[in-house]
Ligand SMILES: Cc1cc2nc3c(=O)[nH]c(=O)nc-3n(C[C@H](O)[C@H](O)[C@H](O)COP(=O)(O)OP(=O)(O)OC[C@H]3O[C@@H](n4cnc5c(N)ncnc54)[C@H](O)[C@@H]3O)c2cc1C
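This document starts with one chain, in the form predicted alone, laid out as structure tokens.
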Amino acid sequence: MNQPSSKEVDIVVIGGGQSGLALGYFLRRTGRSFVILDAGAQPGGAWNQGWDSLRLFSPAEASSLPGWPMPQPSGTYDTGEFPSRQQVVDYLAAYEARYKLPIERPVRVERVRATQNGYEIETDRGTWQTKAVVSTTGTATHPFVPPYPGLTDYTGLQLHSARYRSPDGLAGQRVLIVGGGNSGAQILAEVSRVAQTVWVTLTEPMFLPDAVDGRVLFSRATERYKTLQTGEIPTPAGNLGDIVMVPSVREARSRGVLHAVRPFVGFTQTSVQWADGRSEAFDTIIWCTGFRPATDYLRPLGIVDADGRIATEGTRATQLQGLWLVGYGAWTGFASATLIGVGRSARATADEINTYLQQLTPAFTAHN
């Protein structure tokens, strides 16, 4: 279908993953016109990039977006039947259909510019004019690899966790896995079944008790957050970055492979150089070293720092009116990068946007 070269709506949401959907749920209630522009060819956002065996470490009811609980898969946690990556993708697809959210895809936003009347959103499928912009693109498309000396000389295979899918093709190799979070532990558990692995973490990994899953972890993290808001010092009780002992990680522990060493100092063509002067050759490196905000399209606004962040108060940008960021992590709302946590930020943002538009003079009325 041919698309008009320019459209006007009250609100443009950039990103159709879990954060964009949660925000869309609450924007529906305002009665204002809005569109969600998603670069993906299909629903599911960043969950389409997860490795094949990825499962949540919380049950479905503790991993749901506002309004509609995720359907519970059959089975139990002990048999690994918490929701799989594909089940999350299916849930997000059903969610956007259930609420008839106005999503257009694939639409790649190229740049956002400030205008006298609000913002102009330039995309590969035309231009949108709007008074309010919400960036919800998360971080999954911007994997981060630390700039080690000699890294560009290394000739072996390098994969970031964002591109890793399975241990197929790694059998018999020597594989270096870098990163101490849940992704590092789960990928190590899987790859170590078929390859010789070394696990590198900045500090000793923090493993939670076997009985602690994502529900307990999120609850404890919430209590810590509330305590910090009062100015008190919280009792250490685990945080959202600690490693959950999902079945695959427990199985790796039973094989004696769940131990980590501190970082190397550089690379040669085939090896890493350790701090004690040793060299050790590896066929493949898997980087589980996190991500940076996917906000390059906002750089024409002149307020994006070198790491891709924008100064915010809550989710509202402080240097420009009419701009919000949802779902990028703690700097845009507590636990806002999680399925269950983004709802709080989305609700508050929708309310702020509606108030902002009500206060504009003259009133901006846009129609699809």
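Remember, it's a predicted structure, so these values are computed and weren't measured experimentally. The first residue of the shown sequence is 1; numbering continues from there.
The form predicted in complex with the named molecule is left out here; the points below concern that form.
Segments offered: 251 to 259, 105 to 113, 147 to 155, 265 to 273. Contacting the named molecule in the predicted complex at heavy atom distances within 4.5 Å is 105 to 113. A single residue from the set 323, 46, 27, 35 has any heavy atom within 4.5 angstroms of the named molecule in the predicted complex; that residue is 46. For the candidate set 212, 89, 194, 140, a heavy atom within 4.5 Å of the named molecule in the predicted complex is found for exactly one residue, namely 140. Put simply, residue 40 is close to the named molecule in the predicted complex: some heavy atom of it is within 4.5 Å. The closest heavy atom approach of residue 183 to the named molecule in the predicted complex falls within 4.5 Å. The closest non-hydrogen atom of residue 18 lies within 4.5 Å of the named molecule in the predicted complex. Although the partner is absent here, residue 51 is a contact residue: one of its heavy atoms lies within 4.5 angstroms of the named molecule in the predicted complex.
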